[in-house]
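Below you'll find only one chain, the form predicted alone, shown as structure tokens.
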Amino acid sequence: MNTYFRIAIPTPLRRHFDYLVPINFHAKSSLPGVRIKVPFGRQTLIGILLEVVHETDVPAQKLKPIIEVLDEQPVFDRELLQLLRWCSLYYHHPIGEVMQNALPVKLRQGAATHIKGIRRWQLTSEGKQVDTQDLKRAAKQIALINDLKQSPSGLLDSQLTEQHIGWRPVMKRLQEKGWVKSFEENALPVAKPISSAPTLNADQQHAIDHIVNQFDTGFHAYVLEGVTGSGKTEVYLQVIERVIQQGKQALVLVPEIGLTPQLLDRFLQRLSGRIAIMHSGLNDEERLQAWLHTKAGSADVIIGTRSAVFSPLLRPGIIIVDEEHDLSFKQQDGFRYSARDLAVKRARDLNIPIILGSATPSLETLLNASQGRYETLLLPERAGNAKPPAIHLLDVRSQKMEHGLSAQLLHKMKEHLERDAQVLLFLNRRGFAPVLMCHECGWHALCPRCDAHMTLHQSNSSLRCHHCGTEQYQPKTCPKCKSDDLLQMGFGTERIEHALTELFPQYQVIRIDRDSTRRKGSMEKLLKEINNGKRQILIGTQMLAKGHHFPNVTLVGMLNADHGLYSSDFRASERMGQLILQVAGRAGREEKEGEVLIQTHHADHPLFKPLLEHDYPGFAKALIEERQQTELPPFTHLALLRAEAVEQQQPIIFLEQARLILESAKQDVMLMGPFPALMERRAGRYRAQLLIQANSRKQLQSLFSLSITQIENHKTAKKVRWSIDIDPLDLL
């Protein structure tokens, strides 16, 4: 009987591929989920074995033999393999690309699956006695010795790489002299409880007891809805501790890398077990080792961002999604999955509980709770003696503004700073100025590859496009009329930082955004400075607004809250309300009273009223009723067919043909478009989209199941890049 391997290959083609198995190869020894090296055209690729079959639709003479089986044991177990196959079907994305997305980069490249220790360097007793004054001409040796003296427990290779360029040959010379030694240790940080649990309030205790008491009953989805500062993390910690005591693993998903260091520190101080970290800030080797530890079961807790939802779990116990409402859980390009939705799906498949935590749950989650699919656990009060901050609107119409700051806000800042408290200002726009314009002729600095303005970054005198990354030097004169009268229009976090340094010279200012936290370890360093009280004024984007605990912040100022009031995106109001309450939640988190000031040109807008009273349930209820009346999600279901090409008309032509194919399927759906994207040209390519709306997911899935092959094989599909976005969150 002939034997064939059915393999998922990382290509844009929505199909699997069959390969011959060599006659002398024992096919039964290869289990689904192992990696297999195969020829593919002129390339050699690494795919995933889906199944061993004895029949194929491909003529035998066209089949190629495999090259090599890379694993003795599957990299994906049965549960994870089934989840990924489901993902490919639900999101209508090529199975090979889905599988590749779920693997660490090193495994995609064929790396071995054995766990390594990490190397730590320490001074020997002889090295501790070395007088660096005797090493006058060996500056690099002096620097290494001094750093090792300041770190008695030693330094890791990764830490040395961050601090010292070309340190390895220098360290080798020190080792030859007998001044340093190295040793390997387990790559995972071990949590050793050093702090005791705080006193819980009745709502926290009820939530913990309720979840723990139902551990043995299998899948349950809990919505932990608690106001900011209500102690949701404490609930997570105590539930996870019970999971570890049962010998099981906990998977914790967070929306941003910036939240990971703070959460890790807190977990290390409270839990008893090994913790694996998974996010894009790690290098490829670090991520591989964390993944292998998780797969081997040697990690008790896994903390990660979006892609960590695909972590292999040997002993699954619970999944927790913190800030479940956050847009970051939705992948916005390539394989466009929702990590939150997949976490729920995976918990159901594993028959384990899941906690969806947020002070401002998404409307989808609230609707599921109201319909009985999820169970809500409320934390209505702040933990300890902390009180909710008072929220006030600052009507800035007709008022004189100083660098985007109103007189009332500056006065309040001075009051709080003089009380030795910290002030946080929020502006979701980085850079110095979003527009550079010529006062003489009206020229604007536009991105040559996008329909967008270039943002001025004064720190390195550059113009940068925040959409495609194009960067140029800041011109000294207008490229059009040669005038030197160039105006810097608008405000970004960098400009506010400069202004605050001038307005409050006696206080230290810190800026946290994507630009100031690019270097590895920079976020941890900045957060440490904030919590040590070394910086009194904090300015930042959403990175600073999510989940952070700053006990000395008593005043929060939102510099522009109007962006969500009149947007073309129907979800803008929901996101605005969530953002306002999340940012406001950074104020007054401990004993000191907090205050929140929101600058707006629309102080009489009705959406602000429930937010001023911290009434997110009332705010969300009004939006849910509006969505139901307008037949928008979560009461209907959307898909977005996207296309892009170098030639402007090609995406529209392709989508027009796709629409004809979808209409021929005769499904009860609404098709809207095609139409150009709001930013039609991005990164040198023109974009268009076709929106599909259905009353049920089943209708949507049926439509694409009937049409996807025709769309993929149509001749116009070869002239564009196209993708399907199921349950899109960004329609722009």
Ligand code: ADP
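Model, not experiment: these values are computed from the prediction. Quick note: we count residues from 1 along the sequence shown, nothing fancier.
One more form of this protein exists, namely the form predicted in complex with the ligand; it is left out here, but the text below deals with it.
- [ ] Determine which one of 330 to 338, 150 to 158, 300 to 308, 381 to 389 lies within 4.5 Å of the ligand in the model of the complex, judging by heavy atom distances; exactly one does.
- [x] It is 381 to 389 that comes within 4.5 Å of the partner.
TODO: Considering only heavy atoms, tell me if K232 and the ligand come within 4.5 Å of each other in the model of the complex.
DONE: Yes.
Open item on the list: With the partner left out here, check for me: in the model of the complex, does some heavy atom of N101 sit within 4.5 Å of the ligand?
Closed with: Answer no; every heavy atom of N101 is more than 4.5 Å from the ligand in the model of the complex.
Task: V227: touches the ligand in the model of the complex, heavy atom cutoff 4.5 angstroms - done: Flag for V227 set to yes.
Task: P198, heavy atom within 4.5 angstroms of the ligand in the model of the complex - done: Close contact exists here: in the model of the complex, P198 approaches the ligand to within 4.5 Å, heavy atoms only.
- [ ] Scan R173, R119, R266, K609 and let me know which has any heavy atom within 4.5 Å of the ligand in the model of the complex.
- [x] It is R266 that has a heavy atom within 4.5 Å of the partner.
Task: Interface residue in the model of the complex among R514, K177, H549, R348, criterion: non-hydrogen atom within 4.5 angstroms of the ligand - done: Exactly one residue meets the criterion: H549.
Task: Heavy atom contacts to the ligand in the model of the complex at 4.5 Å, residues of 558 to 574 in sequence order - done: Heavy-atom contacts within 4.5 Å come from no residue here.
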